[in-house]
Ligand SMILES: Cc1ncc(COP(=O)(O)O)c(C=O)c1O
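As a starting point, one isolated chain is supplied in structure tokens, in the form predicted on its own.
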């Protein structure tokens, strides 16, 4: 396998990869953080599986999927993550998994404290606030420093652990959806453990573009999806619970279809999107064939740096993530400092330059525009966004 840093710059190679995807004419999509495209072969497999399950109906599902295929798929996912299969349960998306972990975490007592920061996903924030209403805990909300550095982020959490000694649980996002900031998860999780605080990790934007090992990170509970950088259809995600911590998460609302010592009891029992699940062996195969998260991440970072380094020092533009490779990935946000409403500028990027981005708000550091290249994006696309940003600044 060629060096990923060199391959990331190989436009001819990535064009052969992009040619495997169908892209409609229209704006250049720089909002690939929402969900990823399916390759043409996965689309074909998905359609084939839809037709097969539709025609075979419950005969195949009861005889094959429930007993064999779903077990094999979970084992393949576990192999991809290098964790035991019994640590994983399939969900519809990361949000489903995170909500299940939060509402079923059973080590809280009235008067305990739980921690979130302003950069968390809104649904995660609301789930933690639900704990306050239903468990009698106190929600502590912090605002990490901006501009951020590795050390300042770690110190922010160190200070919170010292200031709030009744903290028992915290949410932490690996890659923040607003700015693309990559949090120093291992360092923060280590501090949390020292202070007796459990971490529930939101890995929605990390899986597939960042290499990580959950054991090395020190993470016991996490939620992920498979539809961003892995290449799977929508409606697929999973939760992770370290096997020795399973008892700290109750079966979901009395779920009884699986034994209490089975992680699958931590999710609602339902009829899933079986055709989508049956595409996963092919999805995993294609993900590995391209080089996995190492290759994808290197390419996305390269594309990100093309536009970021062009505009970083332009007056009137602020890049929201630091220039520390430990703290950024392909997702990066910026803002026009002379304009209060970034949504207006996002609309101008679309209407005047044919570039589709998304405005984000809700964090203490302010409104911004999120720019996310995808695996079909090109160096030319990055030059176009950089030039547009310079002109609009």
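As the structure is a prediction and not an experimental result, all values here were calculated from the model. Positions refer to the first chain, counted from 1.
Just so it is clear, the following notes concern the form predicted together with the named molecule, a form of the same protein that is not shown.
*Asks:* To test your reading of this chain, name the stretch in 210 to 218, 109 to 117, 308 to 316, 88 to 96 whose heavy atoms come within 4.5 Å of the named molecule in the predicted bound form.
*Replies:* That would be stretch 88 to 96.
*Asks:* Is there any non-hydrogen atom of residue 177 lying within 4.5 Å of the named molecule in the predicted bound form?
*Replies:* It does: once the named molecule is placed as it appears in the predicted bound form, residue 177 has a heavy atom within 4.5 Å of it.
*Asks:* Is the gap between residue 287 and the named molecule in the predicted bound form 4.5 Å or less for some heavy atom pair?
*Replies:* No, residue 287 is distant from the partner.
*Asks:* Check whether residue 279 has any heavy atom within 4.5 Å of a heavy atom of the named molecule in the predicted bound form, and answer yes or no.
*Replies:* No, residue 279 sits far enough from the named molecule in the predicted bound form that none of its heavy atoms falls within 4.5 Å.
*Asks:* Is there a heavy atom of residue 121 lying 4.5 Å or less from a heavy atom of the named molecule in the predicted bound form?
*Replies:* Output for residue 121 is yes: heavy atoms within 4.5 Å of the named molecule.
*Asks:* Between the options 304, 266, 205, 296, which residue brings a heavy atom to within 4.5 Å of the named molecule in the predicted bound form?
*Replies:* That would be 205.
*Asks:* Of 222 to 243, which residues get within 4.5 Å of the named molecule in the predicted bound form if you count heavy atoms?
*Replies:* In sequence order, 225, 227, 228 come within 4.5 Å of the partner.
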